[in-house]
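First, one chain by itself: the form predicted on its own, in structure tokens.
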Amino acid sequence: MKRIIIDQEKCDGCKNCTVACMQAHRATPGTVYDLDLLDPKNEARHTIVANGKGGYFPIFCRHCSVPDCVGACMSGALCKDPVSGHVQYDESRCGTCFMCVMSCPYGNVKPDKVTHKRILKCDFCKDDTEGPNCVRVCPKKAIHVEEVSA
């Protein structure tokens, strides 16, 4: 299975990955040049935070081997795809209990800021044949996709 791997030491906090994620999941069609970065409907699926030591700490979904978010999901909205190994979210099944939000040990799963009725998490840009957009735009190669054993 493929996972997004982060090299924290290489991250310079440029947030190109954040903009790429926002563009990939934006609510309206368009280019990155007309993307409204302040519109909560375009919220990224990950976070980059300052680590307090002059560096940055990228917080991405790890699509864990045994994901706590899936185990906490009572409605079956979250499941681990047996082929890809990615944690998938079915919004139509979500009961809005946010147990997944509370159970993610990395603080990556979050409620959306617009409706508060669904969650936002990395979907590995599942509809993009070229893979996760965040990986493609990282100028420091701090983010890469790696094949790992389950």
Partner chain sequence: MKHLILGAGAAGISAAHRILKEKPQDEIIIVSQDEEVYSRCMLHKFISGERDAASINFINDDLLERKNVTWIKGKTLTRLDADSKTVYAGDEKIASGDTILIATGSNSVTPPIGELRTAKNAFGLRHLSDARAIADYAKKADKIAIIGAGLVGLDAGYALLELGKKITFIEMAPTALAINVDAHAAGAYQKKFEEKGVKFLLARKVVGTKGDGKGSITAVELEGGDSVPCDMVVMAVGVRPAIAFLEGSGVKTERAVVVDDYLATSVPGIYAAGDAAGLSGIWPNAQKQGEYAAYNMTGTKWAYDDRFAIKNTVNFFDLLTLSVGAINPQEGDEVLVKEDRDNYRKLILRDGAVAGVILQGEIGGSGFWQHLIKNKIRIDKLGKSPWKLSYADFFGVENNGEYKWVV
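As the structure is a prediction and not an experimental result, all values here were calculated from the model. Residue numbers count along the first chain shown, from 1.
Keep in mind that the form predicted in complex with its partner chain is not shown, yet the notes after this line are about it.
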Open item on the list: Just checking whether Asp123 would be counted as a contact of its partner chain in the predicted bound form - the rule being heavy atoms within 4.5 angstroms.
Closed with: no
message = Would you classify Ile6 as touching its partner chain in the predicted bound form, given a 4.5 Å non-hydrogen atom cut-off?
response = yes
Does Cys104 make contact with its partner chain in the predicted bound form, using a 4.5 Å heavy atom cut-off?
yes
- Item | Contact label in the predicted bound form: Gly85 to its partner chain, heavy atom within 4.5 Å | no
Would all three of Val49, Asp68 and Lys113 be in contact with its partner chain in the predicted bound form, where contact means some heavy atom lies within 4.5 Å? yes
Across 81-111, the residues having a non-hydrogen atom within 4.5 Å of its partner chain in the predicted bound form turn out to be Ser92, Arg93, Cys94, Gly95, Thr96, Cys97, Phe98, Met99, Val101, Met102, Ser103, Cys104, Pro105, Tyr106, Gly107, Asn108, Val109, Lys110, Pro111
